[in-house]
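Presented below, as structure tokens, is a lone chain in the form predicted on its own.
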């Protein structure tokens, strides 16, 4: 598999003078490598074996250790699956870059990006992990700035680069603490030697890992890079970044909190619940305010990361009380939503890419009527919209429903303070579900329904066959994961129970979802029954309507237009659709509007032109990152005084440094 990706990367570079050949070579090798990874990870999941590969290095503490346990195999399967379909999509979608940007460079970083994600979730040595983590960050950075002549892409890439390396600093600190406690950087040795660590050290590792991996996952308030970076990249890269790359942060949280660090503290889980509730609710609120289709989807990634953290937080709380079966339920819910989000978010980004390629704009206000011009893309986008809105019988419903079950168990099991946090988490998840449905009514309706609101939308056409084939594959996965969610859950319960801190969990209890009833305190359901019920209801309604209207004559005529021609100005806009909800949340979103009116010269009473500009204040930029940037600028300005340009001053600095080091060594001896 590694050889396939290496051949795809370097072969695409060698063929960069021929865009078509570089596209075929790079993406076909990516398809082959992803297919191999999918087969291998699927076999590891089904067989339950744990292959281990170790290649010793001449560098101290560094060994190329790869370990495919149940958790690694699960995440590698998700990466392989989404990467395979994104590669199929790219074969037909990157042609508009021919002659503009190097397809060979795109193919090189694309293959490196995929294989680095696979190595991240299988690395079993901290130093090796940091190397492949950095490779993943750099490869994705170059993909974000691929359209290098666009200023927005360069700015998004710069912000992404800074945030990723700030997060990496916290990750390194966490690994250094582990090394100090155990004297090893092998995850297996760390797991065995960290149990006797003091509460202070464990808390420091927890906080450092939360910040470091939370930056990659995009949790609020560490999310500022995500809404800019994901839209800037090509659409199939956006699908990979949003669908699977941010999940590498979730993977390492699970690895550290449930497999390496033993003896979870109650406040760890409560902190994750609070952060998850904030990320899910605020993520969807910011998505509602967006009119850039890809930025809207990027904010929904923050929302869904928050939902995953709700499952992880509940699992940590249960684990701190020794309730390992309930902890396995919460972790299984988080894993299931991780998989589901990868599928429907990838589908939505690929659908958005097809729309943008057809209309040459990301502004939802410029769309309209695309369902007649791009019917298949509209259908696939509708499937993704229904799934992310958690409508049964699609996969998003079941994982959110399972998260509700884990949270309700927390309400039943704990004292008042913990119970209140669980209740607030349930409320945030419920609000998030309703707002997500409203947001995608806007996204789908304004994009595909009514009439075209611009010349670009009126001239759009359906995307090529291969992109539609990739979207069809993801749509089938969404339906299959929903209908057969009970079977999927049994596998995920096994993965959750394989974590070192959840040994002894009765995962069979977690996996018993066979009928709509209450069993052992759990509400359980059968997705095949719901699917059959939905199909039966649709057939019954269709037959009833046909029988009742078979003798009725239908006349088709023009819509009443109030005596004037129908124009796009009469349609509801994305701004108008979401404005009332934004106003309700004005305390957080802080919306503002600016009105400009131009009057006729002869009269100041009758306006000739009027425009209203609406915007939101980013409270995180205003109150966190801007002050931090200003402080950094001031400190850096003070340090520039040291750089005087005088060689004598530099010699003095060296001399003082040597004296200081000698003094320090004397104290140590």
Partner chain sequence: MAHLNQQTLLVFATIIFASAVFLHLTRKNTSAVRLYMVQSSAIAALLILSSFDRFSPLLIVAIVATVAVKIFIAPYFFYGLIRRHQLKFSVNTYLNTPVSLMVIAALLVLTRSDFFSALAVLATSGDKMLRLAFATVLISLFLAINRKGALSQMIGILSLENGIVAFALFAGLEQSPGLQLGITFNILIWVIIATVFASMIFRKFGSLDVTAMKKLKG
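Residue numbers count along the first chain shown, from 1. Take the two forms, find the largest set of C-alpha atoms that superpose within 1.5 Å, and that set is the rigid core. Since this is a predicted model, take the numbers as computed values, not measurements.
Beyond what is shown, the protein has a form predicted in complex with its partner chain; the following relates to that form.
In the predicted complex, its partner chain sits within 4.5 Å of a heavy atom belonging to residue 644.
Within 4.5 angstroms of its partner chain in the predicted complex, the stretch 631-656 places a non-hydrogen atom from each of 640, 643, 644, 645, 646, 647, 648, 650, 651, 652, 655, taken in sequence order. In the core-superposed comparison between this form and the one not shown, the C-alpha atom of residue 644 has shifted by at least 2 angstroms.
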